[in-house]
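Single chain ahead, by itself, as structure tokens, in the form predicted alone.
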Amino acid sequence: MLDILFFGTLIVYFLAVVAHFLALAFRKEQIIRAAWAVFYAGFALNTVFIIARGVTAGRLPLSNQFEFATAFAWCIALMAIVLHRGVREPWIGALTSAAAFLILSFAALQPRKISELMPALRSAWFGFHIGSAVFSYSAFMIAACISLRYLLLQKSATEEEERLSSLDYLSYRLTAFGFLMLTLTILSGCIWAEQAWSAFWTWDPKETWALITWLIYAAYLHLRLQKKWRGKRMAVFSLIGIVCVLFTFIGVNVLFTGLHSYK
């Protein structure tokens, strides 16, 4: 049943990607509504799967790469749906549904076996630490999608400055939220590490790359708030940041071993 729910979610997200790109191409209201209906259906299936896996496992389903990726895709969809209520443009659904589908496709490549929590993960900090990371990564992902849209529109000389400015500001707000969540992730991780391993910081590869990611986004916010950087430079910075986020999420587990190597 869990596999049916999971692959059903993956298929529906794929259909949502196709529908949203058709909506982007033809800009017909009926296609746009249908695309969002399919995306809502994918989000609903994603939600049911996460709940069902959590009930089956008897814990929060966030303990390995597969479960984190599934939650990551779910959170991208959630934020996209919330964002859609304020910014009703077809490109939002196209880019965010593609992001959710790709993250869930990565999850499909991971082992799906349900296992007991490792002793180090049995903590009250488990849900808060990993949950804040899920929201952080999702906010950064959508900010990067908006930045990509900004760069594509910015090439058009006829594009209104006000529209570009609103995209720039929206990406900044999401980045600021993601930075807050990442800060909470790192701080709660330090407290948890001290309880589990008697050390606040061990320079584990995942910790190191989380810190690098934090520094990149701290530089983004500094340049925006203190140096008044705007527009194209910030959009490029956002795309660099999401590359670092994805490396922290995927690359570290593939290339390194450490205390956070939970497959």
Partner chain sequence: MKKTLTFLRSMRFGLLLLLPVLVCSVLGSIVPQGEAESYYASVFPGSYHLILGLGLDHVFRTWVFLALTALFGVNLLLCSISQYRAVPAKKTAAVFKALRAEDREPLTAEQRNALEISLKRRFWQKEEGETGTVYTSPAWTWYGSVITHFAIFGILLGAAGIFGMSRTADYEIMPGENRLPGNVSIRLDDFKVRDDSGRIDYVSTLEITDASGRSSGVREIRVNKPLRFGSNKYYQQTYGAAGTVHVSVKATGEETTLFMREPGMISAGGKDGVWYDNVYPGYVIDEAGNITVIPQTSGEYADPVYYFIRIENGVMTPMMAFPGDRVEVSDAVYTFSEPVHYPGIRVKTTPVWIYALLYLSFAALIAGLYLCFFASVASVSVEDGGWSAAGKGSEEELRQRINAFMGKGI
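Quick caveat: nothing in here was measured; it's all calculated off a predicted structure. Residue numbers count along the first chain shown, from 1.
There is also a form predicted together with its partner chain; it is not shown, and the following applies to it.
Q: Based on heavy atom distances of 4.5 Å or less, which listed stretch (87 to 95, 103 to 111, 133 to 141, 171 to 179) is in contact with its partner chain in the predicted bound form?
A: That would be 171 to 179.
Q: At the 4.5 Å heavy atom threshold, is residue 216 in contact with its partner chain in the predicted bound form?
A: Residue 216: yes, in contact with its partner chain in the predicted bound form.
Q: Contact with its partner chain in the predicted bound form for residue 116, defined as at least one heavy atom pair within 4.5 Å: yes or no?
A: Output for residue 116 is yes: heavy atoms within 4.5 Å of its partner chain.
Q: Is residue 30 close to its partner chain in the predicted bound form, meaning a heavy atom pair under 4.5 Å apart or at it?
A: Outside the cut-off, so no.
Q: I'd like to check something about residue 122: if you look in the predicted bound form, is any of its heavy atoms closer than or equal to 4.5 Å to a heavy atom of its partner chain?
A: Result yes; residue 122 sits at the interface with its partner chain in the predicted bound form.
Q: I have 14, 34 and 40 flagged as a candidate spot, so tell me whether each of them has a non-hydrogen atom within 4.5 Å of its partner chain in the predicted bound form.
A: Not one of the three qualifies.
Q: Go through 172 to 208 residue by residue and record those having a heavy atom within 4.5 Å of its partner chain in the predicted bound form; state none if no residue qualifies.
A: Read in sequence order, the residues that approach its partner chain (within 4.5 Å, in the predicted bound form) are 172, 173, 176, 177, 179, 180, 183, 184, 187, 190, 191, 192, 194, 195, 196, 197, 198, 200, 203, 205, 208.
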